[in-house]
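Shown next are two forms of a single protein chain, provided one at a time as structure tokens under the names structure 1 and structure 2.
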Structure 1
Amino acid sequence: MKNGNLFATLRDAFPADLKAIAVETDNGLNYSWQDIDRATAMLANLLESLNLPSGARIAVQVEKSVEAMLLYLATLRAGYVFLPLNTAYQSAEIDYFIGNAEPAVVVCSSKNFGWVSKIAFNAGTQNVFTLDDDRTGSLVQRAAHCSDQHTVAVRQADDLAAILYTSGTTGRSKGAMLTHGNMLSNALVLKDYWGWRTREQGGDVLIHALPIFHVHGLFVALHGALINGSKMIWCAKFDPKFVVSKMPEATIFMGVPTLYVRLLSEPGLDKHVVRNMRLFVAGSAPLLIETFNQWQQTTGHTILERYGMSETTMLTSNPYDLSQGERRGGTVGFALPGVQVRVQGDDGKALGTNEIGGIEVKGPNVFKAYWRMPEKSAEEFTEDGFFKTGDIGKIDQSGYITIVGRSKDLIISGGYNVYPAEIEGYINELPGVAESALVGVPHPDFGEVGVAVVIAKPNALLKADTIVAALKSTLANFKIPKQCFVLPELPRNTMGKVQKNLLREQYKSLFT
């Protein structure tokens, strides 16, 4: 029987010529397919030498680098569970993730070793390694002594491959448990649906410019290239000038809407520079129709927008093959092959064409459950096994799905999720604060950003600057409200509920 380990399928897709370049970096390094094979073998052997229990979590908070990608692949290869962490997370956030996931191994940047290792050792983690973005650190040092031959660990499709933390609307983050089968099914569907080209058809080259601690960069982009044996142009950070300069050598680009907005301000972007590109994919946040149209005018290409979640990987996509339909701006396209998407009313009844309700999904792409949260997991699934996305939308007569809002209180800023409940919780604990509300307002660069409204306790003197400074010392930078107002009271309805819609309305033109 075929090994259900995702790495086994990715490895099978490596081209016959292992000496060919698999990854070219923005600082001039080249990695061949053979380098990837050997380095993942060495790292997998290192992990296996640690005698970890089965199902051990490998938590990783490091800057983007090819070695960080190799560590992800090695974790799959050795059959352990990868737990990626945003580099912006600070101690309070890391403390929670490590405490909750109880990883057997933690890998961090050497500059963070002091505080991260303290958290990890306190939580019972036995192994803490460092990995920096210049190919140094104790992880690579130790792996250098390991064999470059390794047999891929046998895993079933239903075995856990990764845990992705996604914040809860009320309390703490939930770890979405994704299996080898979830990710493999999605990678295979997208390979076909987005028409990845085989080597015989001329091949594809992907510009990889996204971070590798979330679904978009780690799974959609990376698995896409690997399962097609396609070369990647690897950007440690998103730099629009560099991306434009590399477009003549590439065929595919993937980005959150902010990346497209920034590329459009780049003077070098025109029809000539994208002459060899065949596909631009956008997702993770709503793509404004103005961006969609401006992209078409500037480059002659129609962006393909798709929709995904940490819990489901990709669930819908506009078509690549135009015989299946046009790529329609403002929509997220059709349910992907093999994935069922429906819209339900509040009463749990199916809604008809163009009726607006909760988007629900079922399919091989949908996660197993939330890590150690059986009740929360049960709440998020319907009796007939559909996952409730928390997004609100409609499906038209042709099957195009449009997201019109969210039932979850969530702000998506530059492709990162900010949960108001979490930020309000931190603000409310600051001295002198009676209560607070965080709302999302339109922003020309990040799409949406958070604005905080804070109410002081009687006789307390609060300053917006002090509140922002206090948050900066505790939370990831992208979660910090871009503006903070200290007001006498929050608007409430007759039931006493805070009317966030009025605050959103009041501050909607703050940045636009």
Structure 2
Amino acid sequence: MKNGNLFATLRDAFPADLKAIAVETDNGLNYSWQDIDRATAMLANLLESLNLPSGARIAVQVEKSVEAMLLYLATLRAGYVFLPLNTAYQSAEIDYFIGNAEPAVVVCSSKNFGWVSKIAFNAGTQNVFTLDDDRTGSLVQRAAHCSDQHTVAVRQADDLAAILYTSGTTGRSKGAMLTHGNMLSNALVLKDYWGWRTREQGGDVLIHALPIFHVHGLFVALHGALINGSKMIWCAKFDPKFVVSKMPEATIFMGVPTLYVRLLSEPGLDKHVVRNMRLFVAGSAPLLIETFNQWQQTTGHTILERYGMSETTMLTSNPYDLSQGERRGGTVGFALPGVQVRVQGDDGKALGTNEIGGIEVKGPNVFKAYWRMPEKSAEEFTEDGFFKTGDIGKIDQSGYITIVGRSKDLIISGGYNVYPAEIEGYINELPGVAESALVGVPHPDFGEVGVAVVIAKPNALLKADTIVAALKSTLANFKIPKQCFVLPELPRNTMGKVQKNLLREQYKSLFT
């Protein structure tokens, strides 16, 4: 019987020539496929030597490095559960995650060892290792003494492979439990849907410029390259000049919208430098239509937007193959093959074309449940097995899906529904506006009202009252923000998403 361990399938996809380069780093190092095979074997043997219980969690908060990627693969290889943690998390957050997940192993940067190890040991974790982005740390020192031969642990498709904590914009973060089968099904679908080229077709080369504590960089980008046996150009930190310099050697780039904005400011970006590129993918946050259009004009390429989340990996995508339809800016494309997506009203009934409601999804990519939250897990699934994403959107007559906002971002003002993404779209089209965010805050008369925070383009002079006046000539009165602020920047998390929870907190007392 075939081994359901995701690593077994990734390993089977390695090219026949194991001495070929698998990863080329931004500081001039090369790792062969054989290096990946041997290093993951040594790390897997180290983990197994610790006599960990079945299903043990390996919590990892380290800077991006090839060794951090190898640790992830070794965790899969040994049959344990990988728990990536955002490098921005501080002590109170780490205390919660370690207390909640009870990992058997914690791996952190040397500079954080003092406080992380204290939290881990207090929570009962037996093993704490260090790993730094310069190939040093107690983890690699210990693994160096282990055998480079290892038999991949046998796992079923339904066995747990990873726990990803959601960003927790409201309440405590929830640990989404993803199985080997969830991630493998998604990797195989995207390999086909995005037209990954085999070595016989010339092969693909991925510029990997994303963090690896998140679905986009850890699963979508990494699994995509590995399951196709494709070389990666590895960027420990995003450097637009370096990325542009490497584009002639590459064919695929995946990024969050802020990376595309920064690349567009790079003088070397033009149609010639991207001549060998075939695919640019954007996700993790909404891509402004202005960025979408500017990228098209500058490079001649149309960015492919897709939609996913920690609980589902990828669930929709604009088409790669243009015979299946155009790539439409402002939409996240169609439901992926094998994935069902629907829009439901508050009453749980299916909505028609272009009607706005809650997005629900079902498919082999959808997570098992939330870690140790049976009631929350039951709450988030419908009776017929669809997961309620918490996103609000609509599906047009051609099947294109558009995200309008998060359900928790919905503003109910005087009994009317106000969708922030709609208002932001109008504000972003105004002259001199770079970006905007609309949040709901308490109001004694209307229950809730919108407050707009607007960022100006360089050298543009924006006035809050002018913005509000422009909206009044365009939108219904209940949609008009009651206050508008022009600020130098918006608060963001490491994936570039605007942290609206912080804005809501900042302005919650404006009218009360």
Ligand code: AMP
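Here, residue number means position along structure 1's sequence, counting from 1. For clarity, a rigid core is taken as the largest C-alpha set superposing within 1.5 Å between two forms. As the structure is a prediction and not an experimental result, all values here were calculated from the model.
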{"item": "Of structures 1 and 2, the form predicted on its own", "value": "2"}
{"item": "Among Q201, P240, K408, H301, the one marking the hinge of the rigid-body motion between the two structures", "value": "K408"}
{"item": "Smaller rigid segment rotation relative to the larger between the two structures [°]", "value": "159"}
{"item": "Inter-form CA displacement between the two structures at V439 - rigid core frame, Å", "value": "4.5"}
{"item": "After superposing on the core, C-alpha shift for Y416 between the two structures in angstrom", "value": "29.3"}
